[in-house]
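Next up: a single chain in structure tokens, the form predicted alone.
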């Protein structure tokens, strides 16, 4: 997958800061390994910065960030995965996804969210993280999360994720045509501070032929121009 991504950081008074990125993702297999690569275009203080993730369903994910100002590729420690992603209300783990096995899941009920039939699932983290409970509304058809509520140790709601817009991205024609339901607009609200982050995906495309070798430290420093045009 490849997409142009706009991220707006919006404070309580409505002031905005904008980040422009290109995101790449490669799925090794359904439910298997994944690799992510993000290149920052704007603003100037993050231009040329890159972020890369190697996800593995049976072990801790590997994350790196390249900081061009000091020509440094830094590995992000596992303890930092719940830290803010470039000042937004999303964490590093939110961006690349959390492994299913990291939580204990319980189906609470089935209900509609708007016009969509959903499973409502409670997820309790196996390790100590910034939340003690997550409640998710999962689309029964696409299995995409449409809403997630995060609760702290006092059982108070402190973050809310919402899938604002979902589009079906078609690839191929005729019998080879495949449709990928894709969240193309999402928000994360911080209920404590009133700060929120809005993310919009544009020019989304799939089945690009990316290989494992494309997701390397060398490309973090010098990503191919075809990726980031």
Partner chain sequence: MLRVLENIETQFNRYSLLLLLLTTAAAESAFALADKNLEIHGFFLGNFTGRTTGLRPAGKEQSDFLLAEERVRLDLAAWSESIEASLKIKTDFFNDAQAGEFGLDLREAYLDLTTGDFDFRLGRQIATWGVGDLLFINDVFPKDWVSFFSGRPLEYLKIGVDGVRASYSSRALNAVLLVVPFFEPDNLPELDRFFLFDPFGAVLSRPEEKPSTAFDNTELALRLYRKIKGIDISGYFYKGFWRIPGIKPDNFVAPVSLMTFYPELYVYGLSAQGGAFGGVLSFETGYYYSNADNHGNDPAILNSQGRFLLGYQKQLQEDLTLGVQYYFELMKDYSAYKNSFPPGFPLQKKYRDTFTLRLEQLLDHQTLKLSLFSFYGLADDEYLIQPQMSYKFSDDLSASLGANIFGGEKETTFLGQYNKNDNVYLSARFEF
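Positions refer to the first chain, counted from 1. Predicted model only: the values in this text are computed from it and were never measured. Note that the rigid core is defined as the largest set of C-alphas that superpose within 1.5 Å between two forms.
What follows is about the form predicted in complex with the partner chain, which we do not show.
Looking at the partner chain in the model of the complex, residues 47, 69 and 222 each place a heavy atom within 4.5 Å of it.
Residue heavy atoms within 4.5 Å of the partner chain in the model of the complex occur in exactly one stretch of 93-101, 109-117, 134-142, 73-81, and that stretch is 73-81. With the partner omitted here, the residue from 129, 157, 121, 86 that has a non-hydrogen atom within 4.5 angstroms of the partner chain in the model of the complex is 86.
Within this chain, residue 54 lines the site of the partner chain in the model of the complex, having a heavy atom no more than 4.5 Å away. At a distance threshold of 4.5 angstroms between non-hydrogen atoms, residue 19 is in contact with the partner chain in the model of the complex.
For the chain shown alone, residue 43 is a contact residue for the partner chain in the model of the complex, at least one non-hydrogen atom being within 4.5 angstroms. Proximity of residue 64 to the partner chain in the model of the complex: non-hydrogen atoms within 4.5 Å are present.
With contact defined as any non-hydrogen atom lying within 4.5 angstroms of the partner chain in the model of the complex, 195 is the only contacting residue in 172-205. Once both forms are fitted on their rigid core, the CA atom of residue 17 lies less than 2 Å apart between this form and the one not shown. Once both forms are fitted on their rigid core, the CA atom of residue 49 lies 2 Å or more apart between this form and the one not shown. Relative to the superposed rigid core, the position of the CA of residue 144 differs between this form and the one not shown by less than 2 Å.
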